[in-house]
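Okay, so here's just one chain, in structure tokens, the form predicted on its own.
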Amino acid sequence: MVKQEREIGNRPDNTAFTQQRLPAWQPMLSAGIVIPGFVLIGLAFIGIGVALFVTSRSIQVLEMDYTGVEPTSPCFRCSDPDVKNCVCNLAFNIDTLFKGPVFFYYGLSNYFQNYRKYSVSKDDDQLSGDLDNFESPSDTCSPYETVGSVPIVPCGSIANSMFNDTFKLYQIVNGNEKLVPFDGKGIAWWTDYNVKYRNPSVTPLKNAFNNTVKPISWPKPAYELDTSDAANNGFINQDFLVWMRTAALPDFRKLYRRITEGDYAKGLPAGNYTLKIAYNYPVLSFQGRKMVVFSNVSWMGGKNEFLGIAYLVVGSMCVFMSIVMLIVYAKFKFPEED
């Protein structure tokens, strides 16, 4: 008796909602619906795929390897780790106008930023400007946490391995070098610059780094990353922010500069160019490669033929399956069916 009363007390209310008596609708999938549906979906995917593929093919990309492994490479001498402060010149020619805006990237290969121990080797509190973590960095920064007993700021493997090759581009005009202006503002993610990374509220910024040391592999401390722009230093330096957003794949490229100003606002005119590279970043120890990439973009972003091919394949499969289903339905449908 008690058990029956308990069951009655726990029973849901006798309403259409709790007793699942609400009116419902579900599609009745028939050949007349499924087959045309597959055809329409397939044609839509094929149309999108063609648009993506054609647009991707129209994007201009110029890639040049400057690792310096080959003896004929202009950067061969600089690839020697014993050679310091080496500058090499990479000459190239553009046949037609390289439409702007032009994006200039550096690329690395066989570089595993997605390795777990590497990707977590940073102190987020320190990078958000917390001075307490300047004095006592997080254990996640190991083995780049301290030098002796002095804390490293910014600490961690990601910051320590920051890419430090620098580039200057010149157009050869009547035998003279004309500097192509680079725009380095706004190359990092907005959320990284405005939310995730912050400098400590100390003026001048240099004082916040008292009793700390720079990362072992850095030639200068964080507050001197950009001597030409005081606002582009510390943890909100654009190049630093771009590097700290780790890549998912071992072969990647990161935005270095944009070409959007002066005589080159519409792009790089046809002609001869020289790229002067301050070769600092070692990659041969892990069989890596370095390259520079010039590219423009379209409404779909950068060059990516895979996306268009994927749409074409899926769309073609849908159309093919609709044909197969139509044949099967025409051959095996029941007589009483319409």
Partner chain sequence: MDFTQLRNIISRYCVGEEIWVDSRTVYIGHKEPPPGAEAYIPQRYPDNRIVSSKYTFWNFIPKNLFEQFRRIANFYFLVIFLVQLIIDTPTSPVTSGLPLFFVITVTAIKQGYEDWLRHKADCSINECPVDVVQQGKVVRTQSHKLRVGDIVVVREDETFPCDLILLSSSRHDGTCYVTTTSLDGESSHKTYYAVQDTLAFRTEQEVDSLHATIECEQPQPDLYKFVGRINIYKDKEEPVARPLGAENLLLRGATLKNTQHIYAVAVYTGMETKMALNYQSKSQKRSAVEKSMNAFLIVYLFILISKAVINTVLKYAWQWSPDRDEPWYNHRTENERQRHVVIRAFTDFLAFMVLFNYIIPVSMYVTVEMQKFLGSYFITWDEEMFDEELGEGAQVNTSDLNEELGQVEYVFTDKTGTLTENNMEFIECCVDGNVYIPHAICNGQILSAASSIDMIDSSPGGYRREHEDLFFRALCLCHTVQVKEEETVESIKRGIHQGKPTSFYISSSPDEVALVEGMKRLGYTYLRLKDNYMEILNKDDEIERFELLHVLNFDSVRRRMSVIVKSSSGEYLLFCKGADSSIFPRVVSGKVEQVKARVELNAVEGLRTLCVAYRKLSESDYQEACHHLNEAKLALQDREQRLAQAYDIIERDFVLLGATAVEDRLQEKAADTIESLHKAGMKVWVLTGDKMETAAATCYASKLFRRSTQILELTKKRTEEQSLHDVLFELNRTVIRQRSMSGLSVDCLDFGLIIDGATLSAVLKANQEGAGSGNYREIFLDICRNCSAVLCCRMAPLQKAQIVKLIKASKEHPITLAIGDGANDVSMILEAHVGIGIMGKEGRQAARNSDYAIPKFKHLKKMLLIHGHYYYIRIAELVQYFFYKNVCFIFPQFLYQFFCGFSQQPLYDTAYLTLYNISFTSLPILLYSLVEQHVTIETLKRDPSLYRGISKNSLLRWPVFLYWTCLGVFDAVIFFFGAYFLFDNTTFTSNGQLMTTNTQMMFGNWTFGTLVFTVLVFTVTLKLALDTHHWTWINHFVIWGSLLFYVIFSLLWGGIIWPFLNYQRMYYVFMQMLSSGPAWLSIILLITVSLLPDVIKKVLCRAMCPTAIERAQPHLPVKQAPP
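Note that the structure is a prediction, hence the values are computed from the model and not measured. Each form is matched to the other, and the largest set of C-alpha atoms that superpose within 1.5 Å is called the rigid core. Positions refer to the first chain, counted from 1.
There is another form of the same protein, the form predicted in complex with its partner chain; it is not shown, and what comes next is about it.
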Identify whether its partner chain in the model of the complex is within 4.5 Å of every residue in the set Gly32, Asp251 and Leu307, based on non-hydrogen atoms.
yes
Taking the shortest heavy atom distance, is Ser161 within 4.5 Å of its partner chain in the model of the complex?
yes
Taking heavy atoms and a 4.5 Å cut-off, does Pro282 contact its partner chain in the model of the complex?
yes
Heavy atom of Val292 within 4.5 Å of its partner chain in the model of the complex
no
With a cut-off of 4.5 Å between heavy atoms, is Asn114 one of the residues that contacts its partner chain in the model of the complex?
yes
Pick the stretch from 205-213, 84-92, 67-75, 183-191 whose residues have a heavy atom within 4.5 Å of its partner chain in the model of the complex.
183-191
Which of these residues, Thr166, Thr246, Asn232, Thr146, gets a heavy atom within 4.5 Å of its partner chain in the model of the complex?
Thr246
Once you overlay the rigid core, does the Cα of Gln26 travel 2 Å or further between the shown form and the other one?
yes
Aligning on the core only, does the CA of Ala16 end up 2 angstroms or more away between the shown form and the other one?
yes
